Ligand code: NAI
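This document opens with one chain alone, in structure tokens, the form predicted alone.
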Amino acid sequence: MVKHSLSKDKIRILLLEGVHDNAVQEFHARGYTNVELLPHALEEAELIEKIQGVHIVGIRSATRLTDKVLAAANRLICVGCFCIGTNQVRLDTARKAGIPVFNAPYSNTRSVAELVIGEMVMLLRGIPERSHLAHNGVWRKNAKNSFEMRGKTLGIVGYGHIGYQLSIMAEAMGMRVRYFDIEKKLAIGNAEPCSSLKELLEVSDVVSLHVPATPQTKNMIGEAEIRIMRKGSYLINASRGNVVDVDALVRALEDKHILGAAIDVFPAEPGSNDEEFVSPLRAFHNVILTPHVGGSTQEAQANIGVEVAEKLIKYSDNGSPVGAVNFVEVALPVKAGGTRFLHIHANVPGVLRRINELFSSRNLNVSAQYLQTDPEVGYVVVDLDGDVDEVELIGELHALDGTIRARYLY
């Protein structure tokens, strides 16, 4: 538990997996100089040892913050996922420990959309297989199964920020765009919604998936869904690895129901660049396989580095958890003068009353107080006026029944 304030140069920050240097620069610019940057992920046992004493940790998609790792994180105040996904973190465990988790849901949308556009061009022209043949000395010059994008129908499953960008770019290249989302979304340009996933699969020449990993999306494209797709159509998955039933896709490729596919994410992925990538899709020369690089451009990583670092700094500096994926959001204006504390506690009756009684007993005036709760955890930030002994007060706050975490901010 963090029981007292630390100067910024004493706050230890660990960044894994080659997080972009923009993040380091952002921390340094804001006074956080104790930053360690590693180019790779760590296995659980090594991470358990490394994370002890760390206050802020930044990861990408290969690092796993398991229950054991979080239990060993004896100084951790927040986590930054320098990517879109956060399923590599035990979010509920982190929340109950008073550790908000931040990500970058929008910074790589353009990069993913551009990759999908490129993959569609390559698939519709049959380039992956022709390239493989040419590398093996076979000259296959013909127009069989080679098509323009213009006039084809793109079906987008998941019409969020990436879906929007893809929709605009595909339409600019002459495609008709249909989309399906479980929530009602306003169409961009001339795109038209489908009333069901089944309808989208039936009308699309290319199906591109852009949904999060949830229990509802696991294997949402399985045997039945693939067989609904048009014969000779194409499937692109740049969302999450468990959204597509890979075995069902293999069968559809074997019998030519699907003419080609582009897959960037997989149910099981190597933990590092030194591990072998294993997938039955390696056998197909009409399938583009990429190593989860949809958002891996210099521009996207630079943007992500700034976005996530800013969220972590804002939380560390003034206690604002805005943008956290596992925490209640409290928008906190920075207050000139006074003293600020945060208190994270079990959401049970009487905690806030005891906090305020503690302040009152010390003749401290509450100038502002911000409280939000979920069914299990409460989060309160308090601005105080008066003569504050922060070391004693933080000790008393921490001693209150129900306390998960207490911090002196400034």
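One-based numbering along the sequence shown. Just so we're clear, the structure is a prediction, and the values are computed from it rather than from any experiment.
The following text describes the form predicted together with the named molecule, which does not appear among the structures shown.
- Per the 4.5 Å heavy atom criterion, the named molecule in the predicted complex is contacted by stretch 158 to 166, the sole one of 326 to 334, 121 to 129, 136 to 144, 158 to 166.
- Although the partner is absent from this view, Leu154 stays clear of the named molecule in the predicted complex, with no non-hydrogen atom inside 4.5 angstroms.
- Taking the partner from the other structure, the named molecule in the predicted complex has a heavy atom within 4.5 Å of a heavy atom of Tyr106.
- The named molecule in the predicted complex is not approached by Arg230, whose heavy atoms all lie more than 4.5 angstroms from it.
- Using a 4.5 angstroms threshold between heavy atoms, Thr217 counts as touching the named molecule in the predicted complex.
- Taking the partner from elsewhere, every residue among His210, His292 and Gly295 has a non-hydrogen atom within 4.5 angstroms of the named molecule in the predicted complex.
- With the partner omitted here, the residue from Ile304, Ile99, Ala238, Leu235 that has a non-hydrogen atom within 4.5 angstroms of the named molecule in the predicted complex is Ala238.
- A heavy atom within 4.5 Å of the named molecule in the predicted complex is found for one listed residue only; from Ile288, Ala191, Val265, Ala252, this is Val265.
- Annotation for 162 to 191: interface residues with the named molecule in the predicted complex are Ile162, Gly163, Phe180, Asp181, Ile182, Glu183, Lys185 [heavy atom within 4.5 Å].
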